[in-house]
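Just one chain is shown here, as C-alpha cells, and it is the form predicted on its own.
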C-alpha cells in the first residue's frame, strides 16, 4: 500500500458543509491497489469501510465516524474517438467539473448541462447526478466496480445500475461496491439537446443578444450559460460567497401521485398562494405521477431565501440549498432540515427527502 493508514483525521475540511468529526482511520487511495489494500486491512480488523469522494454531497456526524474512511484520489482519463463518436473512461477520483470543461472545450457533447457540479466522477453514477434536464445515466456505458466481498472487479452496464431520479443501485446499497472508473459515450460537434425551460430561455436570450437567432449553441456556449445560471443561485463554489458551505440541493424534488399533485395545486389556489393553477411548478413524471419543485414548496411553506437559524439557514439565492454559515454543528443542521420538512408537510402534505448522504 503506497499510502499509510492514519488515525483521527478530521473530515470536516474534506466536505463542502465543513461539518462533522474525524475518521477513526483514514486512507487516501491514489491507486486501485491502495483501495484493495485498504479493504483487506479493514476486513482483517473487522472494521467498517466508507468511501469518500469530493465530499460535496455528504453530511458527517459531530462525533465523526468509526472504521476506515477511504478517500478516492485515483486519476486518469482515456478518450477514444471513432469518427465523431467518443468513448471516455475516467478514474473515480477525477474531479467532475474540470472534466466537463475539458470535454466541452473539445466540442464533445453530452455533459455541458452538467457543468458547475462539484464532486468526483466516481460519485456521479451513485447519485445519478443531474441538472437542467440531463443526468449522468444519459451518457453512461458502464461502471467498473470493486465488489467489497470478493475484491473482484466487475463491469456493470447502465441497465445493471438501475438508475432512477437521483437514485441508483449503488445508492440503495452503499456497502456493496466501490466505483473504480466509469465509461461514457459522447459525440463531437453534435447539437446540444436543451430540455429545460429555464436553460432554453437563457440560450434564446443569448442568441438574441448576439444576434445569432436560429443558430445552435455549441457545447462550450451551453456550458457558459449553465455556469452563469448556477452562479446566480450560488451553485458554483466561490470562497467569497456567503452560501458556499452547502451541498447544493438539500432535498430532491418530490415525485408524487398525480391526484396528490392536483390537491396541492387546488390548495395553493384556495390559500391565495397563486392566482392560477398554472403558476404551481409541476412536471409529468410518468406512471401517473407528477414532480413538484421542492424549492417552491419550501418558500410557500413560509421559509424564504435567507432564513436563518443560528449557524444555519436557507441560501439567499436558492430555497433548495441549506447553508452552514460557520461555527455550527451537524445536529443543528439536521434539526433545521427537519424544520423545513415539517413546514412543507404541514402546509402541503408532501414529504421532502434529503439528497445528501448522512454517515450515521
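Residue numbers count along the first chain shown, from 1. None of the values given here were measured: they were computed from a predicted structure.
The protein also exists as the form predicted together with a small molecule; that form is not presented, and the subsequent description refers to it.
- The contact residue chosen from 155, 197, 276, 174 relative to the small molecule in the model of the complex is 174, the criterion being a non-hydrogen atom within 4.5 angstroms.
- Here is the short version: of 139, 290, 127, 104, the single residue with a heavy atom within 4.5 Å of the small molecule in the model of the complex is 127.
- For the three marked residues, 192, 222 and 227, no heavy atom of any sits within 4.5 Å of the small molecule in the model of the complex.
- The small molecule in the model of the complex comes within 4.5 Å of no heavy atom belonging to residue 341.
- Proximity of residue 253 to the small molecule in the model of the complex falls outside the 4.5 Å heavy atom cutoff.
- The small molecule is not shown here, and in the model of the complex it never comes within 4.5 Å of any heavy atom of residue 168.
- In the model of the complex, the small molecule sits within 4.5 Å of a heavy atom of residue 57.
- Residues within 4.5 angstroms of the small molecule in the model of the complex, judged by any non-hydrogen atom, belong to 111-119 and to none of the other stretches in 111-119, 77-85, 201-209, 282-290.
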